[in-house]
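Just the one chain here, laid out as C-alpha cells, in the form predicted on its own.
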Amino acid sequence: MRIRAEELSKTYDRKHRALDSLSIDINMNGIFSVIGRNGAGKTTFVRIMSTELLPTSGRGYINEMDVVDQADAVRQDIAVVPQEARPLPWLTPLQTVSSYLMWRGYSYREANEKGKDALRELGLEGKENEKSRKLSGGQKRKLMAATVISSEAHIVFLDEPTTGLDYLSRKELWQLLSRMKKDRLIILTTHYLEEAEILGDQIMILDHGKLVDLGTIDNLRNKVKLPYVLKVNAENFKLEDDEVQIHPVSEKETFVYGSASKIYGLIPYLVTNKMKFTVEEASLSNIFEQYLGSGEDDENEEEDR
C-alpha cells in the first residue's frame, strides 16, 4: 500500500500555512504514526489525503491515484475516522456499523455479520442494540473505530482514535490495530507518544506544517545527539559535564541524556558510590523533545477545526 505527497501545502485564510511543502513516499503494510504539537499539520494532512480537503498546492496520491483528480476512486480504497467523528445518537452501534458497510456495497447480511464481529473485537457486543446516545465517550470512540475496522479498505486513516479511552481500552485497540496491519496501511495521528512508538512501523514528525523527520524508531534514535537515558535514583545527584543533559525529575531521581560512550562511561562512578541506576535507549518522548524542544504547544489549532 502506498501514500505519496509531493510538495503538499495548505494555507488557511491566506496567512496560516498548516502544511508547508510536505513530500513523503510511504510504500508498506503496517502502521504509519504521525506526531507533532497542536497546529503541526497532522489533521490537515489526513483530511487532504482522505479527499476531505483540497490542498492549496502540491499533489497527494493513494495507491497512485490522485486525491483530487481521482477522489471517487480513492474513496473506494480508503476508510476514515476523523478527529471530530461521532455516531448518530438515535442509531444503535450495530446499525451504525452495518449502515456504513452497506453504503460501501456490502449486503445487509454481510454488513450485520461484519458489524457484530467488529463490535465484539472492541468489547461492545453487549451494547450493540443500545442507542448510541447511551454510550460513554470512550465507547463512542470505539464504535467509530469499529466502522473502519469492519471494512476491507486497503488504507485506513485514524485521526486520534484513542482520545477519551482509558488505558485498558487503548491497549485493546492497540492489539486490534496490530492484528489489522498485516494487510493494510494504517495512518494513525496521535498525541500519545507512547502509542506512536509502540504501534508505529514508521513515524513522521511534523512541526508548523513542515516535515521534521521520518523513519523507524531506531532510525530516529540514531539521528539524535543523545540516544541514551541514564536514570539515577539518588538524592540530589549532581554532575558537571557539557556532553550530557541533566534533567532532575525529583530530589531522588535524575535523568541524564547522552551518547552511549558517555552514559556507559558514568557507570563505574555510580557503582563506586553505590547509586541505583538504569540505562535505556531514548524513548520517542525523549527524541521528540530533542527535535522540537519542550516548549508549549502552538496555540493556533485552526487545523483541528
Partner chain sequence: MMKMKRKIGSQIMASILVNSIYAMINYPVVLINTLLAPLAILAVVTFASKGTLLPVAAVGALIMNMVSSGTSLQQDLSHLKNDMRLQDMIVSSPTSSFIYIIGMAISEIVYSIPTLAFLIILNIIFVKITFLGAFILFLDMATIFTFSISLGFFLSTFTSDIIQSWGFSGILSPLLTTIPPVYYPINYIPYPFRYLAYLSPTTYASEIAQSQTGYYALSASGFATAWLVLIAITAVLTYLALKRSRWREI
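On a predicted model such as this, the values are computed, not experimentally measured, just so you know. Numbering follows the first chain given and starts at 1. Note that the rigid core is defined as the largest set of C-alphas that superpose within 1.5 Å between two forms.
One more form of this protein, predicted in complex with the partner chain, exists but is not displayed; see below.
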From 110, 194, 235, 218: within 4.5 Å of the partner chain in the predicted bound form by heavy atoms is 110
The one residue among 148, 119, 177, 204 placing a heavy atom within 4.5 Å of the partner chain in the predicted bound form is 148
Verify the contact flag for residue 253: yes if a non-hydrogen atom of it lies within 4.5 Å of a non-hydrogen atom of the partner chain in the predicted bound form, no if not.
no
Is residue 91 close enough to the partner chain in the predicted bound form to count, meaning some heavy atom within 4.5 Å?
yes
Do residue 163 and the partner chain share at least one heavy atom pair within 4.5 Å in the predicted bound form? no
message: Using a 4.5 angstroms cut-off on non-hydrogen atoms, would residue 222 count as touching the partner chain in the predicted bound form?
response: no
Which of 205 to 213, 120 to 128, 177 to 185, 227 to 235 lies within 4.5 Å of the partner chain in the predicted bound form, heavy atoms considered? The stretch 177 to 185
Restricting to 99 to 137, the residues within 4.5 Å of the partner chain in the predicted bound form through any heavy atom are 99, 100, 102, 103, 104, 105, 106, 107, 108, 110, 131, 133
Residue 223 C-alpha moves between the shown form and the other one by 2 Å or more, core aligned: no
Item to check | Exceeds or equals 2 Å, Cα of residue 134 between the shown form and the other one, core fit | outcome: yes
